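Only one chain is included here, represented as structure tokens and corresponding to the form predicted on its own.
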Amino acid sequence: MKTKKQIYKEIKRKRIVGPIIFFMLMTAALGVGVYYVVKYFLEYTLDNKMTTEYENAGNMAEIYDAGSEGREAFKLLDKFGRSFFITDKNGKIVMQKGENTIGDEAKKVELKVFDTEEYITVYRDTKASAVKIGKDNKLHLDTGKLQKYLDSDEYADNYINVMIGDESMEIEDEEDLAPDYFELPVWIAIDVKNGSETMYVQAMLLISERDIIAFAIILIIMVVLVLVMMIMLLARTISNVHRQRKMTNFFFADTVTGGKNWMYFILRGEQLLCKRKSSKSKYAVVSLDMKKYRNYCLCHSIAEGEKLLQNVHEILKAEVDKKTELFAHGESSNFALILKCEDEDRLKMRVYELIKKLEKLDDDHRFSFQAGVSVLDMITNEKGHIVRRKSVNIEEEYNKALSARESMGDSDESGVVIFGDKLIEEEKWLDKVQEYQEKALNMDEYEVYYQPKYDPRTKELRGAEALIRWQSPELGFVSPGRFIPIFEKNGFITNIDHYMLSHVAVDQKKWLDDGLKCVPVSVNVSRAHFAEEDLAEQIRDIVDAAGTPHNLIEIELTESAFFDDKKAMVNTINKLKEYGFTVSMDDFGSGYSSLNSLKDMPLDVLKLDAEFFRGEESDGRGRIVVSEAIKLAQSLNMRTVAEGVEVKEQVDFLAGEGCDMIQGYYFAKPMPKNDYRSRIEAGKADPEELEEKN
């Protein structure tokens, strides 16, 4: 399939190159046509004149063959007004009149006499050799020698002598001597006396004023026709070029802002960066995006949103140098820019200043913009000299800028990030994780770790949470924080949910079969999974496949999942409870808490976020919040679990408030399943271990 870039180049080539080539070919064809018309007209004229002269020469030969001799023959032949001479077989001249200017080389000329083709022997005249015989046996006019002959004194003298010798000619002024015709002499050879002698007659090809006028008229007509055709072709070519420009403008037009679009950015951007004068400058490709643009359109209208983008376009237009930089509107609220870059710090400052202007699009709203930047350094050769960029992959550079911008995550604050080594390493890590994720699943490289939950009063084991670790032969030991966020973005997290649930169910079943007193283990299920209507059935079937009692599996949901489809969430929770599973809310109080979640969701366990138990407390407000949360859960018949508990004072406080379970480093870190098995066997936390921590 052709890319837009290829389509654009093809349209441009057809619309411009085609008409230009056609124009050049037609111009050449018309020029050749004029040449051959002139050529054949001259040949036709010379051929007609030659036919007349050949008839005169033939008459002279007949008179000579008739037997006239001496002065009588001269008188008869003299009436023809032509120079001639006669030679015998040995080449000796036996009769002559006028000057002998015959050339040495004889050539055969094809001539039509009385509608029959006939070849006659013709010699060039040595003094006036304006007529030449071509290889095609045709008479041709040598214009260069003709002009030289007409400019010669000899031609003028001969012409004047002819005029003076004509008694009927009255000469009153020198202007009367101006010729209205000119003669082109050649010599014709005719056999006489049965071939025993040869008569050589000087033929005068008379080119009259009428011939010249006819030739001029034909030439003018041809030139006019050629000019008309050339003008028509030129007009058509210009029209095609104009249409091509209109098509190009349409091809590059952005319908939202009225400016240029993404295709313009790709094609013109590469041309800009590959110019010779651009080689001595660093440039930067920038991905600029308006945050919460869709929210603005929802609150106002799409038309208002597009008007906002038009205002952004106008500000960028004023800030971007038209000669050395460019910008275009991409998708949605994204703009792509190519800016000159003296150094990264100045560029970053310039982009920040630009964002400050954009933030003040109107007085009623505060807008935020984020920009990612990819810097293109100058290119140097082996000798360290700066050279011209041969090619630039604009889309690749823009993707770098886009990656830099996306590294700001879900933040809505304005900012600028330059793509660098750190981002490159992050991109490489992302690529590696995604490359090995499926293989790791198939090879059981993911390990289940268990973190026990203890009763803060009795120190008895009451439950555990299943956590994932990755032991990769290629990547080494990988902590969850380095791969779980990636899985959540690319959707692989649902595969991990199934994997963890299956392994926990198998472990629980084995420990039961070994006669151990198992406690419920909570397994996290990602919010992405709750889009599936049969999630409860999937969980049930996985646990049943291992043969594990449902009451030993607790399904743990993150609080953020409650802000998706609430109806589907409630339906799934009710099904899970019907199947005998316990359902808990993880990270309660992590930033999106809603009492409606507790009101509407039939949950069994509430897990207090670890942030409640970190940092120093000066006024006791945190303890008040925790205390009230525990009381609220108890009122709703929910058990409570406190996460992230690390010191004895926290344990004592939570025990006094009636917290059911504590999960944290104070009692135990996450551990491999064999270590957790030992915890199950012990049943209680190790007093000596706790004593050491105290």
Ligand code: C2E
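For every residue, the number given is its place in the sequence shown, counted from 1. Because the structure is predicted, anything quoted here is derived from the model rather than measured.
What comes next is about the form predicted together with the ligand, which does not appear here.
Let me know the one among Arg469, Lys577, Lys292, Lys566 whose heavy atoms come within 4.5 Å of the ligand in the predicted bound form, would you? Looking at the other structure, the residue within range turns out to be Arg469.
Just to be sure I understand the contacts: of Ile418, Met601, Val351, Ile484, which is the one whose heavy atoms reach within 4.5 angstroms of the ligand in the predicted bound form? So the residue touching the ligand in the predicted bound form, by this definition, is Ile484.
Interface stretch in the predicted bound form with the ligand - options 494-502, 438-446, 188-196, 375-383, non-hydrogen atom within 4.5 Å: That would be 494-502.
Quick check on Glu657: any heavy atom within 4.5 Å of the ligand in the predicted bound form? Taking the distances in the predicted bound form, the answer for Glu657 is no, it never comes within 4.5 Å of the ligand.
Close approach of Glu53 to the ligand in the predicted bound form, 4.5 Å, heavy atom: Flag for Glu53 set to no.
Answer yes if any heavy atom of Pro480 is within 4.5 Å of a heavy atom of the ligand in the predicted bound form; otherwise answer no. Answer yes; at least one heavy atom of Pro480 falls within 4.5 Å of the ligand in the predicted bound form.
Taking heavy atoms and a 4.5 Å cut-off, does Gly58 contact the ligand in the predicted bound form? Because no heavy atom of Gly58 falls inside 4.5 Å of the ligand in the predicted bound form, the answer is no.
Does anything in 662-682 come within 4.5 Å of the ligand in the predicted bound form by heavy atoms, and if so which residues, in order? Contacts from 662-682: Gln663, Gly664, Tyr665, Pro670.
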